[in-house]
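Below, in structure tokens: the form predicted alone, a single chain.
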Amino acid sequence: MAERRINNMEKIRTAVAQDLLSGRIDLLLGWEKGLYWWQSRPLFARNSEDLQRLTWDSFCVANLSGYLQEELKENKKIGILLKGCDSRALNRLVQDQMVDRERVVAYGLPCPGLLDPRLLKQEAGLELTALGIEEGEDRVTLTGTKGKSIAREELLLEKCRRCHHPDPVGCDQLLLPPVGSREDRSRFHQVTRLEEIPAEERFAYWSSQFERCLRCYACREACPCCSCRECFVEQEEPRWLGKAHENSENFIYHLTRAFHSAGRCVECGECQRVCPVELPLMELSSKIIKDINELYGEYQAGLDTEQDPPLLTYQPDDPAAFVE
């Protein structure tokens, strides 16, 4: 496994180096290792020295497409490494006319699923600084715990455990072999469970969640769908949201953001991953996606760039119970 990972890394580095060093692209968006072994952070590579830090491992979780709008202001052409969900985010940004596709070179990296450091810590019962891992094809061995071995599937991030399309779509170049779709995974298990709870209990559940919100807007900053040039929370005229830290204001923020992402969310899970108080934000997005599929037919944002988003089209037979 380690040897294959090294070979894959060299293949990736060689492919992107040809474009970066030849001047075909001005900047490469990828990942590099962070301070700890369980952290891989965004890398902004401009030369061969930067490329030596490029990595591709089970912790390259950040959706790099969210950086394109800002970086394209200063660079004529950008190369970007994309997992399955990341590629769908790029496609949605292009469909929303927020990114010029001609100025982007997309390198696809089929994703085997990324590991969740929180689950690793939970399984080991140790701080991650005292832990290490050895990855096999289907299992992960926790070093520092007398070699405890766990099925890899059980250690994946939540978004990866329900991901149906790990292979990138619409990329200019696929750098590694595809891993295939995973249609057997349940996308809406948690949402269905919440739907079965009485309305009063659901309200109490979300009230308890949202009252923990710090309104730091990390979810908005990490979300590639939050691409508006001016967010409603900063608007002065009219003012949509107050400054007070009240639960009613938190409700307004999260529900407005979720509905604004309707038909655009690619389920990359960045909002939930970066939340400092670990709010279950993917449940909101998943509920809206589930409703859209039931009302307007199956649709997955960014998967088919030729398919019009359901909320941007009109059909005479569209359900309209709200006006009856």
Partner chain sequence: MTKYITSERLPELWARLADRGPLYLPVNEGTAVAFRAWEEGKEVNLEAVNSTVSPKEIFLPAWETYLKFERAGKKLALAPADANGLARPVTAFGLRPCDLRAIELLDLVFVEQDPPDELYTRRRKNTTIVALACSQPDPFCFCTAFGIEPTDAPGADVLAWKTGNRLFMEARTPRGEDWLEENSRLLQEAEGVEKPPPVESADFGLALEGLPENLKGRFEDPIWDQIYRSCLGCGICTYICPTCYCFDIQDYGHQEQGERFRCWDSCQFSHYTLTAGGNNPRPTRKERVRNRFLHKLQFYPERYEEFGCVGCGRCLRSCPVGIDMVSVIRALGGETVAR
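If you're wondering where the values come from, they're calculated on a predicted model, not measured in any experiment. Positions refer to the first chain, counted from 1.
Keep in mind that the form predicted in complex with the partner chain is not shown, yet the notes after this line are about it.
Using a 4.5 Å cut-off to the partner chain in the predicted bound form, each of 35, 70 and 118 places a heavy atom inside that distance. Exactly one listed residue, out of 140, 104, 171, 222, brings a non-hydrogen atom to within 4.5 Å of the partner chain in the predicted bound form: 222.
Site annotation in the predicted bound form: the residue of 77, 164, 215, 148 reaching within 4.5 Å of the partner chain with a heavy atom is 215. Although the partner is absent from this view, residue 39 contacts the partner chain in the predicted bound form, with a non-hydrogen atom inside 4.5 angstroms.
Taking non-hydrogen atoms only, residue 100 never approaches the partner chain to within 4.5 angstroms in the predicted bound form. The shortest heavy atom separation between residue 154 and the partner chain in the predicted bound form exceeds 4.5 Å. Using a 4.5 Å cutoff between non-hydrogen atoms, residue 129 counts as a contact of the partner chain in the predicted bound form. Contact with the partner chain in the predicted bound form, defined as any heavy atom within 4.5 Å, is confined among 241 to 249, 131 to 139, 107 to 115, 171 to 179 to 241 to 249. Residues of 264 to 280 placing a heavy atom within 4.5 Å of the partner chain in the predicted bound form, in sequence order: 273, 274, 276, 277, 278.
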